[in-house]
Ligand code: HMG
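Only one chain comes next, encoded as structure tokens, the form predicted alone.
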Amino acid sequence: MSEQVRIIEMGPRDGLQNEKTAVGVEARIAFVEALVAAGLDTVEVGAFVSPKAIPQMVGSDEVLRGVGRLPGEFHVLVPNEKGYDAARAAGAEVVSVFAAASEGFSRANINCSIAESIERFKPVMARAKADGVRVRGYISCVLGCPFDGEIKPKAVAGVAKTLWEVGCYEVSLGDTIGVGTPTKAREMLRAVGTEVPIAHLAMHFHDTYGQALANLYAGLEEGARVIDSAAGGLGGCPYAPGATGNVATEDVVYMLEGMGVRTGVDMAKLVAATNEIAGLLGRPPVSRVVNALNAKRSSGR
């Protein structure tokens, strides 16, 4: 596979927002700095959401300002116009909005229907267009929901089409609870690809059942070339008990490099960044590659 694959690093936002141990602003800035130094030039660094709902993201404005001097593209999540205002005040040039493919998850997560969630961020889309700000769209639960069970590909395609039509430049397809398998991932991508060009779709797969890399490979075979991942496999979902984090960036890089895809990522620097944040969180990373390289280094081999 010779085509370029773009990696969007989710660790500082989606990775940290569900951690019981809150990471301070300075440490989050240092984490982003280390990720950029490792070659990850597109990073989601924060979320302008209610501090009561997600206290881990308090100070996202300071983080965004703190990384503004770095080379790269930095994304932030905004749920509404208030969040958009705060993000713009901090210098945001790329924002993300979110919807779900599942009515049950939408109501549990943001207390409204899918249609209502889209109406909520339409004013954000209009203002972003006027401001020249790019907007990325997320869809949760594209391969399964803790409330509604299996999600039909047609339902995902419908939401993706709406996000594309209202102005999202890219739609990220999230297997939020990590229940997908390669055949289902392929079927979902084919369905969504009839509504949104495959070049504008991203794969955001969690690894609860150990299927994320296999699902990504299936998506790559379908032509998808954008992958969301998190250093060390950070993350989780507060509305999905037992769901683990995002697919680990190190594991994705190892797979891609083994396929002949040059990622531009310095694995040693990325592992160092992951080990540093894992130390702050007080737990080892779940990335197989990080643990293998750590063991190799400890043994002196």
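Just so it is clear, the model here is predicted, and its values are computed rather than measured. Residues carry their position along the shown sequence, with the first being 1.
What follows is about the form predicted together with this ligand, which we do not show.
(request) Examine S140 and determine whether its closest non-hydrogen atom to this ligand in the model of the complex is within 4.5 angstroms. (result) Taking the distances in the model of the complex, the answer for S140 is yes, it comes within 4.5 Å of this ligand.
(request) Give a yes or no for K82: in the model of the complex, does one of its heavy atoms lie within 4.5 Å of a heavy atom belonging to this ligand? (result) Within the cut-off, so yes.
(message) Please determine whether P51 contacts this ligand in the model of the complex, using a 4.5 Å cut-off between heavy atoms.
(response) Because a heavy atom of P51 falls inside 4.5 Å of this ligand in the model of the complex, the answer is yes.
(message) I'd like to check something about S287: if you look in the model of the complex, is any of its heavy atoms closer than or equal to 4.5 Å to a heavy atom of this ligand?
(response) No, no contact at 4.5 Å.
(message) Give me the residue from V159, A212, A92, L77 that has a heavy atom within 4.5 Å of this ligand in the model of the complex.
(response) The option sitting close enough to the partner is L77.
(message) Just to be sure I understand the contacts: of H200, R127, R120, K154, which is the one whose heavy atoms reach within 4.5 angstroms of this ligand in the model of the complex?
(response) Among H200, R127, R120, K154, a heavy atom within 4.5 Å of this ligand in the model of the complex occurs only for R120.
(request) Specify the contacting stretch among 132-140, 187-195, 214-222, 68-76, defined as having any heavy atom within 4.5 Å of this ligand in the model of the complex. (result) The contacting stretch here is 132-140.
(request) Could you list the residues in 249-263 that come within 4.5 Å of this ligand in the model of the complex, counting only heavy atoms and keeping sequence order? (result) Residues within 4.5 Å: none.
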